[in-house]
Ligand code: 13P
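Here you get one chain, nothing else, as structure tokens; it is the form predicted on its own.
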Amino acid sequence: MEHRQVAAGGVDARIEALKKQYGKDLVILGHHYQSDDVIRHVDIVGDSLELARRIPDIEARNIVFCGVYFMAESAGLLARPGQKVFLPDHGADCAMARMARAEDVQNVLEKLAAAGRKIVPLAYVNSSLAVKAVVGRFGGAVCTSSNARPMLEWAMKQGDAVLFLPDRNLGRNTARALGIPAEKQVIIGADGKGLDSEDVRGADLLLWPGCCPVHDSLMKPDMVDAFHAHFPGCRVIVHPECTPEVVQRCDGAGSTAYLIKEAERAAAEGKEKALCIGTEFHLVHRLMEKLADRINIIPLAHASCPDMEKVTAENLLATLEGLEQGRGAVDVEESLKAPARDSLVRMLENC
């Protein structure tokens, strides 16, 4: 144990030394779901929307993104000429993003277009670069959990219906908040079959059958009920990637930024003894420690993202040591850049 602690201390010291060495030529970004071992070295921490908004203003030659692959791809799309984006572990993917393949999305949109309706695709940022490019070519945009509601409102005005992908839960929860009737929502098959059905033809919102395994499978309605029973009067707030059945039992739902602000507000007001938060555990644990002297933050479930955990202080160090050799650089396929960037820019321009 002692050897591991010394080694970890050496890693931390070496990372900080390299940050000092590169100075203004290096910026490290990190998503809230990263572990504390990584977050302590990050210059800008945020959710997907906040980090995307920060990219155009970064002047550093090297941008290291501590998160998962689709986030680094988005950073690469928005980076300036001459900038390089690095990801410490290219195996840090996203299970939800893998549930929507670009060729399947293209096939579905072509079939829907052939039926004579203008279907506008709206892709959750948890999607691949290739999917974002398809969405961009069909006049659609990207959204995050922070701006899903205004972006869905925008998309609804652009055509006859919207294809929301890949997260069916975020799509359904956002639709409910906008008052879109359940009978006007249809979950379609990723194989493109059944698109000529009466239900699909009459729907205002078509939903891809994807989800986040962490929020969808590990957080259940009975957990919310149990917390309310054991802590009468205390609130439960969750991420909208949870199922509608969970969200409807809760006292609030929103993005990681919303969950953080609600926890900090509750702690500052001092009116609540406890607050239960349902999202990725690293973020909840960080809030538990930060606010421990003012409010008791309780996780709804010990749910951690295995892909986010692939980025470690050790492979962050390896990336920094290999910056000049391009170790960990994220390459954005040239043919996908323009349409994928269009989908991102439409989001940034409309929210």
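Residue indices: 1-based, along the sequence shown. The shown structure was predicted, so the numbers you read here are calculated from the model rather than taken from an experiment.
The following text describes the form predicted together with this ligand, which does not appear among the structures shown.
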query: Touches this ligand in the predicted bound form: S48 (any heavy atom, 4.5 Å); finding: yes
query: Contact test in the predicted bound form: Q106 vs this ligand, heavy atoms, 4.5 Å; finding: no
query: Contact of Y124 with this ligand in the predicted bound form (heavy atom, 4.5 Å); finding: yes
query: Partner contact for T174 in the predicted bound form: this ligand, 4.5 angstroms, heavy atom; finding: no
query: Heavy atom contact within 4.5 Å of this ligand in the predicted bound form, the stretch among 52-60, 288-296, 29-37, 319-327; finding: 29-37
query: Residue among S128, T243, T256, Q185 with a heavy atom within 4.5 Å of this ligand in the predicted bound form; finding: T256
query: The unique member of V134, M71, L163, V85 whose heavy atoms fall within 4.5 Å of this ligand in the predicted bound form; finding: M71
